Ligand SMILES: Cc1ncc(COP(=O)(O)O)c(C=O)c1O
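The chain below stands alone, shown as structure tokens; this is the form predicted on its own.
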């Protein structure tokens, strides 16, 4: 690093300059221009956004809806979200509890900004999506990880260990279910126990239920929404990225008690001042017309899960259990303890892109994540390449 770069870097806030490089992005940058690559490193499928969603956004732009917008989101979208959840869960939801954000990541940032700060501790089951820790670190909060364990039936979380990790400094618990990268999905009994514990101790729960529709043991994964009360310190983050193939749009939402609505609105104002109206029109179309496409996504995920499970199951050296939810296979390879080095080798030697386990924290080292929300032919080809690499490594 040059003297100028060192001088400029040292002048930044410690919480900014010490943020780690994303391990997923590192592999992506290494392989993005490689010919013939089959990329499975990111949490997105290979389907573009459906045309009816794009047309709704284009129509909005053509109609001149390009001005500043409501910070909380346009009423039409917030009402559509309320209708969507009412239909899903068979209980009433109100538009006042929905806040439109610049993707699920901004919803996480807003939830952290609203609840956590320097000196606070936040409990996070691990392996975990690295952006949770990044969002907390930016604001000076400390992540306390609780390691999950992998058994014959998949990943499990000990609630005793989760609860024992709480101290006087604990401010919140983050629960991602179905989980990225493990596919762990909490049972209704587990969610109720966590919510009861948080209520008794005055803790916030930040719930990432983004993959709630991608559940392989029923039509809908268990949710905190089934047990919530108006006074619960419960914030849910979600996105249009996964269900409706809108990853590049960067539009999502936060679901929070209406009582804190003005605070959330102010946070949105001072972060981004809202999401473009034409993008919100596309999101309305997704909610109102998107069920057939979601069904196709779910079918593709189930088929992809089977393809990957069959390929990995052929190797005694691979430790893997088909996930209960989400759309990732998270597996370990005996003898490979440096997942970053191996992931870079897989790019160079097999032209396939996997996310290295170390990207999801020390508890995930030696593992790899495959996104299997893909059409069958390229996924089968990727598994053929991975199988060949495993045989010859």
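Positions refer to the first chain, counted from 1. Predicted, not measured: the structure shown is a model, and the values here were computed from it.
Absent from the display: the form predicted together with this ligand. The rest refers to it.
Among heavy atoms of residue 109, none comes within 4.5 Å of this ligand in the model of the complex.
Although the partner is absent from this view, residue 305 stays clear of this ligand in the model of the complex, with no non-hydrogen atom inside 4.5 angstroms. Proximity of residue 241 to this ligand in the model of the complex falls within the 4.5 Å heavy atom cutoff. Not displayed here, this ligand is approached by residue 103 to within 4.5 Å at the level of heavy atoms in the model of the complex. The candidate spot formed by 71, 99 and 254 lies out of contact with this ligand in the model of the complex, as no residue has a heavy atom within 4.5 Å of it. Proximity to this ligand in the model of the complex, defined as a heavy atom within 4.5 Å, singles out one entry of 155, 84, 132, 278, which is 132. Comment: this ligand is not present in this chain, but in the model of the complex one of 250, 78, 233, 213 has a heavy atom within 4.5 Å of it, namely 250. Comment: 124 to 132 is the region of 185 to 193, 124 to 132, 287 to 295, 91 to 99 lying near this ligand in the model of the complex, near meaning a non-hydrogen atom within 4.5 Å. Residues from 154 to 181 that approach this ligand in the model of the complex with a non-hydrogen atom closer than or equal to 4.5 Å are 176, 180, in the order they occur in the chain.
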